[in-house]
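Next come structure tokens for two forms of one protein chain, structure 1 first, structure 2 second.
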Structure 1
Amino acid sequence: MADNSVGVAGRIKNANYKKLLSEHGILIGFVVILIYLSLATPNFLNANNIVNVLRQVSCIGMATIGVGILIVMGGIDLAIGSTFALTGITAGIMVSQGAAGYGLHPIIGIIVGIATGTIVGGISGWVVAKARIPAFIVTMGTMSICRGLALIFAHGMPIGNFPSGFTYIGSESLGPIPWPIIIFVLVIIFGYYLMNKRPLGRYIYAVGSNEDAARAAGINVNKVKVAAYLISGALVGLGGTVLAARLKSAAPSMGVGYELDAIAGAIIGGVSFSGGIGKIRDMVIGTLMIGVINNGMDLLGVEAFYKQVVKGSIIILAVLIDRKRSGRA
């Protein structure tokens, strides 16, 4: 009898451990990485370095929340990096005071940049929803189109000579906090409100969990898909515009590989490729983990080439964990 009680207690204890790791594993892993880097690199916890990490991840973090929402819905966007370039170029052309620009008011440039991302996302969402073409294929095509348009609009050259009113949102601060970080925080609040407080958020989870059941329940699945892609596109457009403002230049090559970082941040943050699972909080933690790992490898003197190997390995590990958690491995 006593042995049976011990066995039951052991199973309960193991179940509690599994629940803890399932619900808070990403946070625990993040804390472990922070502790290791703080011990291995004395400059890691320097206030300037922390602000620098947050500034660097802010733009890609906006895209991570956007693509995270799509993955929760069962979609994907491989055109994030190219959209960054296109939005930066279009915004830059509007405000540039050089020969390649129109020299318009900075607000117009910001609006055009966000609108460009929104249009790209809306077109992708419409094709995915109406033509029933897999999002992987659609956004792979969009990726090529956007990069090509960025090269055409910029004539293959970087766009610069931005006015200070435009670069302000990327390079200036409100007190000690840089504007890109403030904008990222506002995006986080928006994402949380959308996914937890608005009907659209519930519909996105429902479509990602079971599209047929969501349609049978009266949800306009096509409308939800288009709306999700519009929101994601707008967030990518905002990120691309802020990045151009921070760099004080926009080049057709801008954003190369950003789709990997954004998707990695979402997947590391526990967003399931099977759809229906994912929290804004964990997407943010996943983004910060990518930024911290990049920064930590820089401080440790690791060659840049190894970063891609590490991030790719982390993505594969995160997907394996997701499959194990969902019972598909």
Structure 2
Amino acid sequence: MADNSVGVAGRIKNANYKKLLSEHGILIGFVVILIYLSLATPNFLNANNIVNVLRQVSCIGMATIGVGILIVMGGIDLAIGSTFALTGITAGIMVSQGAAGYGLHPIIGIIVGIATGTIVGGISGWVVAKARIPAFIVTMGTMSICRGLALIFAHGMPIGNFPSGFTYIGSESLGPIPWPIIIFVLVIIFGYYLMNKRPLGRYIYAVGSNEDAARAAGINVNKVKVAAYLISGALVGLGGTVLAARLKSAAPSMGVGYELDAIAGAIIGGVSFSGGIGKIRDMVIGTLMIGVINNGMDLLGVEAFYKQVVKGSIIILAVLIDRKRSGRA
């Protein structure tokens, strides 16, 4: 990877270069970080650590795809973190073999988890579409509601004691590849298929680009909105369920601030807040970038307080490199 990129840098004066860059968006910033980290710490580029990073970003990555789709549509979801908690708790209650749970079959837990996310998303989407309240407010409301429900359902306590059938999807691997990564890849493929191969995906772009024109073009805008929120909710629910399986437990305090990480992944990947613009591939790169930065700083042993300063600066710089070079600046 390092070689390749040096090659690119060598051809910097090439006429096609600008185009290449602008098409590959944030990739450049990402590659710069990768190169730096592989030079700075020997452990970074080993297979174990790569699997590690991928596994770490998987759950939040699913949410990033979900919220990325919403942002493309001109929406947003602030309830991601608390939906993670709520789905973890509902799925956990179903399967937990402890006093707080029903000890049902793992499949039921997974279905309930995804369903919880879908319902939350559906409600947000329905209010956004029907009542035309800004998505920011609606999902700020659902954020608070979900957190409260998670606390109520779990009586304020973490839930553990999950059967191994449930934790399987979080902890085990298929060959060398952990399940969370496989599920994340499936989500990416689904996202790509939806956004590029299904009419609904194109409608989502259309609504995000110009809602009036979308309506005039015969698109049922409300239906598109509700559908996008349902899908995004399902992905967040899946993320929360896998996270609970990975942690072998769920707590009502889980996932605080995840919405910001998920949204950041999408925005760093070039999704535009004003809607209509954004690619699934770039959302994935944005997600990976945050994951790599977090992992890299742990490996480099950056001092605690400086870490935040460094992290903030790197995010700005990485995006800066991207925008500068791609001529968007």
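The structure displayed is predicted, hence computed values, not measured ones. Rigid core (definition): largest C-alpha set, two forms, superposition within 1.5 Å. All residue numbers here refer to structure 1's sequence, counted from 1.
*Asks:* Assuming the other structure does not fit, state which one is the form predicted on its own.
*Replies:* Pick structure 1 here.
*Asks:* Superposing on the rigid core, does the Cα of residue 31 end up 2 Å or more away between structures 1 and 2?
*Replies:* Superposed on the core, residue 31 moves its C-alpha less than 2 Å between structures 1 and 2.
*Asks:* If you line up the core, does residue 302 shift 2 angstroms or more at its C-alpha between structures 1 and 2?
*Replies:* Residue 302: C-alpha displaced by 2 Å or more between structures 1 and 2.
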